[in-house]
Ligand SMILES: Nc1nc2c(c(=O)[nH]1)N[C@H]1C(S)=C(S)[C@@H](COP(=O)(O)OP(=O)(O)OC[C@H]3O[C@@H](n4cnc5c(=O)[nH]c(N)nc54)[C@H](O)[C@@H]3O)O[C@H]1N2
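This document opens with one chain alone, in structure tokens, the form predicted on its own.
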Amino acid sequence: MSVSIPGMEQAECIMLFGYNPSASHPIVARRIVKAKEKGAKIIVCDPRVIETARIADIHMQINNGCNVAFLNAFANSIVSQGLHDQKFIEEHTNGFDEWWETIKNYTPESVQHITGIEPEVVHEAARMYATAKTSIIGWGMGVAQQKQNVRTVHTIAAIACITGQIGKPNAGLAPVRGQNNVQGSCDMGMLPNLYPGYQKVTDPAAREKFAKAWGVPLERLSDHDGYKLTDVGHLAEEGKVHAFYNFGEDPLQTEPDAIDLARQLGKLDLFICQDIFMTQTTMLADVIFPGTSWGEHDGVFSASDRTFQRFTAAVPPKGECKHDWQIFQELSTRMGYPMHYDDTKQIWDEVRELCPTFYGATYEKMEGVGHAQWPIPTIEHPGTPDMFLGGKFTTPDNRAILMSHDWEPPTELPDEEYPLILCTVREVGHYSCRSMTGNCRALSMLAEEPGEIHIHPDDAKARGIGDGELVRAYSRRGEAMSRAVLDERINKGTVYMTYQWWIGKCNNLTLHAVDDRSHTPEDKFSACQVQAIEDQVWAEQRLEEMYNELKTDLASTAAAQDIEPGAVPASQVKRAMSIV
């Protein structure tokens, strides 16, 4: 994010694109409500009538899969109406003429059949966004989990630049993260092309710095980009990846085409899982390391807006359980690279020394309810709520590069056999893959298996499906049982499934197709069909049987590993070492 979450309250206009904050980020949603109370204009672009659409000044219920086409039309409208900031463009950007060569072909009128939005509504929204003193565009997984996700972000960034709605306080770009501390993972180098602090592995100077700090020869550090998570299954099948260390993830729940992924992971020579609960993925592991939960250790989280926040342990670990960093350093030491830290402060101070943009974020500054927002290059620096002030960007000449792209249709379009569009979404009652919240009895009482599939009443009627009935959803990849919710707030021909559920697993249906740059899967668009189940009594019984079978399998796998709650058996460490 180039802006801060608290700063959203001060914006005069907030445009949400493919982002449902009330379900994904309730605290951000509250900021948006406060901005509305202060007089801000709200624009919502989403195929559903999400909660924020209820308070929006303009809601454009776009067609699924039209993102780049719609944003090109929005940008076209801005320029055609003379709403662009010519001075900002000339002084702070490059490539406007080349950018316009593509954008000029996307008038709101010419792409209405793709977007589904009346041209005058697009023009009105463009005026509202461009003429406000400060505007913010926020987006979420509705952008990130699409075939053209990187190209969509390029287009959003260009819109902010051509209107001058960036480089000043409370105006800019607000991409939010899909899970807790995803921003922190990226900050710490959990990307295959970057060291901590967004320093490229291909940069010789960065490699030399890290090699010196870690006391290893320069040639020991990779000089090329690594693999991405979504590549692992296929690379294992091709024999290019032989070992996978899975830390705190449940890819069999969260990654697309889950049935095929399970088969691919079975081809690994070594599969290690480190987690706090038994999951469907952990059941496949050769070695299991039980780690500590957020309540049992201390460290630092990064919020979506680049804010570091320190947290401390609430309770001590149980049994022989060890902190994640302790497991890492013991394994590293036994593999031949001695690693030793006394506490997380030592680790954090090393991060600060090696990452110039993080240096001022000391534990002392984050004590209590304190925080530090990067870039924060010195101890005295107050942090950076708004980036690129004065129109100075992180490019060699400090000018933004405008990029445009032609729209491409989604990978798998509906047909006669699979006539519905499947879009995966989140819901507020459970979190992520549900490995934590699924073990919470109170939350299970609020929402339970097999989850919900939202379907338009017309589509439900055509299939003989009643509200609340169990149904069979299926695609070319697999099937899942789910509970139908008749929903007039969604587009006809589209169904929405929440991805947290184990029995109603939508990723049995989703397509493994990824953006060619980010390799993020196209979870928001694949073809499927939904079928009524005539015998609802049988369906309810079968649902309970499948759920009990899964829970029994999870428990028996844990028992077979000789793992008591919170214990890390020494035999597991020895086993992992022998295989490595």
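Predicted, not measured: the structure shown is a model, and the values here were computed from it. In this text, residue numbers run from 1 along the sequence as written.
The same protein has a further form, the form predicted together with this ligand, not shown here; the description that follows concerns it.
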query	finding
Listed residue that, although this ligand is not shown, lies within 4.5 Å of it in the predicted complex (heavy atoms), from G504, G142, G233, G172	G142
Contact residue in the predicted complex, from G226, P409, G493, G178 (heavy atom within 4.5 Å of this ligand)	G178
is_contact(S435, this ligand) in the predicted complex, heavy atom dist at most 4.5 Å	yes
Partner contact for Y337 in the predicted complex: this ligand, 4.5 angstroms, heavy atom	no
Close approach of A558 to this ligand in the predicted complex, 4.5 Å, heavy atom	no
Partner contact for D515 in the predicted complex: this ligand, 4.5 angstroms, heavy atom	no
All of K34, A56 and Y198 with a heavy atom within 4.5 Å of this ligand in the predicted complex	no
Candidate stretches 241-249, 375-383, 87-95, 472-480, one within 4.5 Å of this ligand in the predicted complex by heavy atom	241-249
Heavy atom within 4.5 Å of this ligand in the predicted complex - qualifying residues of 27-51	C45, D46, P47, R48, I50
